[in-house]
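Two forms, one chain: they're shown below as structure tokens, one block per form, named structure 1 and structure 2.
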Structure 1
């Protein structure tokens, strides 16, 4: 017999044997953990589940049973599925927002490129008062205004 009983044996008010299936997964310092699992699944069913699993998987199963039981107690209708649904909705909302922002960036980028192209075309069509790439004034930038004053 263990010197201190596990949470399951305390909750069930029984003696805790040395080979207790619950003691590694439901320690005495966390009695709520077993209380939630017992309330939803029952001690016998939890014992059978843990017994049927390999020892290497039992801790993970006990954690999963606890989490599912905790969620079911907090939300009796949906349990952990309600939380999963909320998270899926948040992921979907984030993906939609990302798609909208990417489309807006693409639109602004194409608009900016078309404005640059339009500016370059306008620059090539009309006279340019700016120097060319080498800093030499453009020959088309000179106007003979002497004919205006006759």
Structure 2
């Protein structure tokens, strides 16, 4: 037997040919990687999936198969779908939170604008860029230059 067999061929107890579909992605120094993938998908299915892909995409496919197999072994009921479900829920919660905060901001924004308008009406205050009575420039960043030309 070839002493430099890949992890797949070692696991399957067969000769590792020079064009072995598995050997670039299941090196001999990581037997667990192929063991997981084999347990969940089977060697034949993994071989078919890799074979159907261009060579440039096979490494990523082998990795994703490994991680999905890993998830399934850790959680036989839900596998990585459990993680997807959790993420969907967290995204929904975050969106609700964001909507609540944006609604608060909108409410406070309209409240403060109406307070400023009311203040100007009550006090007959001129253009807001004029400093207040202490000489401090008004913090409201509203400049109404239309009154300059009255």
Partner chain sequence: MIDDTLRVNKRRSGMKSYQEQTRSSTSCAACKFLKRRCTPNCQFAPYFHSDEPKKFAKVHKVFGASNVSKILNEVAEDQREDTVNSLVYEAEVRLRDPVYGCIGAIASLQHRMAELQHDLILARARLASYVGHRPSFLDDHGGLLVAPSIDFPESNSLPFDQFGRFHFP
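Residue numbers count along the first chain shown, from 1. Model, not experiment: these values are computed from the prediction. The term rigid core refers to the most C-alpha atoms you can superpose between the two forms while keeping them within 1.5 Å.
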Just one of these is the form predicted together with its partner chain; is it 1 or 2?
2
One rigid part holds both residue 59 and residue 83 between the two structures:
no
Measure the rotation of the smaller rigid part relative to the larger between the two structures and give it in whole degrees.
13
What is the magnitude, in angstrom, of the C-alpha shift at residue 93 between the two structures when the rigid core serves as the superposition reference?
5.4
